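Two forms of a single protein chain come next, each set out by itself as structure tokens; they are called structure 1 and structure 2.
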Structure 1
Amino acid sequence: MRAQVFHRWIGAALCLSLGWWMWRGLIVSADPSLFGPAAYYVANTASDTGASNIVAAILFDYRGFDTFGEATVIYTTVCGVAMLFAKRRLRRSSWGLSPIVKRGMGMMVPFILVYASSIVIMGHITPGGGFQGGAVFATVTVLFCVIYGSKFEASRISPKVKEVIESSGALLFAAVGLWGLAEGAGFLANLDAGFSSGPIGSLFSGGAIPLLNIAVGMKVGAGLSTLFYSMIKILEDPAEGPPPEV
């Protein structure tokens, strides 16, 4: 007990001194204007990429390689968690909620799907994009599990289909990048590689950015759903049987 208190004091002292050291290292520039690459991005995104969301343009065009890596981190995690929980059959861990909730969910699903797709394909115009939309796609499968019982979703969409979607999303991303390389404009080049851009602010603008958003959306949607199902697989059977059908 005494040692534990001592340990805490040491930890607190360490953290406080670390914080003080970092606080002293702060720089607040007096000149509130953009400089460096940021100024260029703000001034030239429209003409360079055709996207109206500057953050999306940086994520998928100027610094698209980061996004490629970031999507790969999710891919790695999903693959690994599936490996950790491999070789276990999905057991039924719940029977779902009442018929009213099931019916209500059934009516909501199309809207959620439309919402998710709109987030994905309009990522270059409005805040949003592949990651956010993919996460919304994955919530649909989570809702399926909560409301219809744990076996429903796995019986409708087999894990193999999800894996195919996930891997093809990743390959689509790499293929768009290599297309730019083949055109001689560099990996993940956008307008230079011949992707055409419509008028700024329309759906078909931004060159390859919508394509990359779709690729990331496939990867993240299928990936997060696989992640969820790999973890839910190990839950135990409920003791009682199915609820009586009404």
Structure 2
Amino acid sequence: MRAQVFHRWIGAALCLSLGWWMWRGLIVSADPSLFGPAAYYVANTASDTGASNIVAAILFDYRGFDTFGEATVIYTTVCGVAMLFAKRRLRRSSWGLSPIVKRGMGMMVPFILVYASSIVIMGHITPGGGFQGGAVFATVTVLFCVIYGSKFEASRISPKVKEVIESSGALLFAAVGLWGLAEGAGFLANLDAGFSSGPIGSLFSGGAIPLLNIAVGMKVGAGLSTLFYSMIKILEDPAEGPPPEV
């Protein structure tokens, strides 16, 4: 009983602390004046990077090396999960949902893919980027597995293809960084490495940032879909009959 009361007091104290920090953040955000790094980013991001999306510029230019480390973490996670479930063999996947749901999903997939592509390609000029677009790409795999069955999804996009896509994204990211070194401007340098800034707000702007968005989109999309597929490779009863009539 005392332990339960203690845990409740701890939970209440934690909630009050988080609420206080949130209130402080709201007060600061209500102040229109900027100071410190935020003021510099707002005033100089366009001229320094050629990108109109300040968040993308920070991720892939000002702190691009940190982002490269985050992408490496995703790659390591995918490799670990794939190795953990490597011995599992999927004899038969689930039969999926009803034909009506399958038809509806078939009509939605092209729109989802176009939406995800726009998030990645225009991540330097609009809210979005490789991480967000890659997550949307991965949802297509999840929906395929749930609606059509995992065997259907694997027959369309094999795990080997996903591994190639993810590895290619990592190589593209590293190649952009090494290009900066080759130009004597530093690893993952942007405009100083010779990449064109282009007209601010246009599709062909931002220097190397669009390429890095594409690289991260490939890694995140293929990586998350590989993680999901690896964890659902569960052996099912081989004597299971055909799907029920709907």
Partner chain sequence: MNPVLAVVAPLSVGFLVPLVHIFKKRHTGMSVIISAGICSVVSAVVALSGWDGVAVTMGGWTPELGISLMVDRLSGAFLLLAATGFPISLACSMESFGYSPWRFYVLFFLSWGAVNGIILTGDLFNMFVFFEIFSVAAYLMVSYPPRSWQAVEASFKYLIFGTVGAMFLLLGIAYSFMATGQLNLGILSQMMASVPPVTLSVIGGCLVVGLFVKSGTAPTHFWLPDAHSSAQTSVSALLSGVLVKVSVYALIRLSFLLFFPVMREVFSVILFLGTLSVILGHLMAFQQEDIKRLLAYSTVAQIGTILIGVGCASSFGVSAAVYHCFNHMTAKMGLFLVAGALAEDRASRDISHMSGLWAHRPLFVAAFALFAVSLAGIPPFSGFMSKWLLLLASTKEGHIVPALAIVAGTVVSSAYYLKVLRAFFSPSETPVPHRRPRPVSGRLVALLSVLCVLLAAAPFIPGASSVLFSVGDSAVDGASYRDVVLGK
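Each residue is numbered by where it sits in the sequence of structure 1, with counting from 1. Note that the structure is predicted; figures quoted are calculated from it, not measured. Think of the rigid core as the biggest set of C-alphas that the two forms share within 1.5 Å after superposition.
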Which block is the form predicted in complex with the partner chain? Structure 1
**OP:** Would you say whether Ala46 is displaced between structure 1 and structure 2, judging by a C-alpha shift of 2 Å or more on the superposed rigid core?
**Re:** no
Shift in angstrom of the Trp21 C-alpha between structure 1 and structure 2, rigid core held fixed, comes out at 13.5
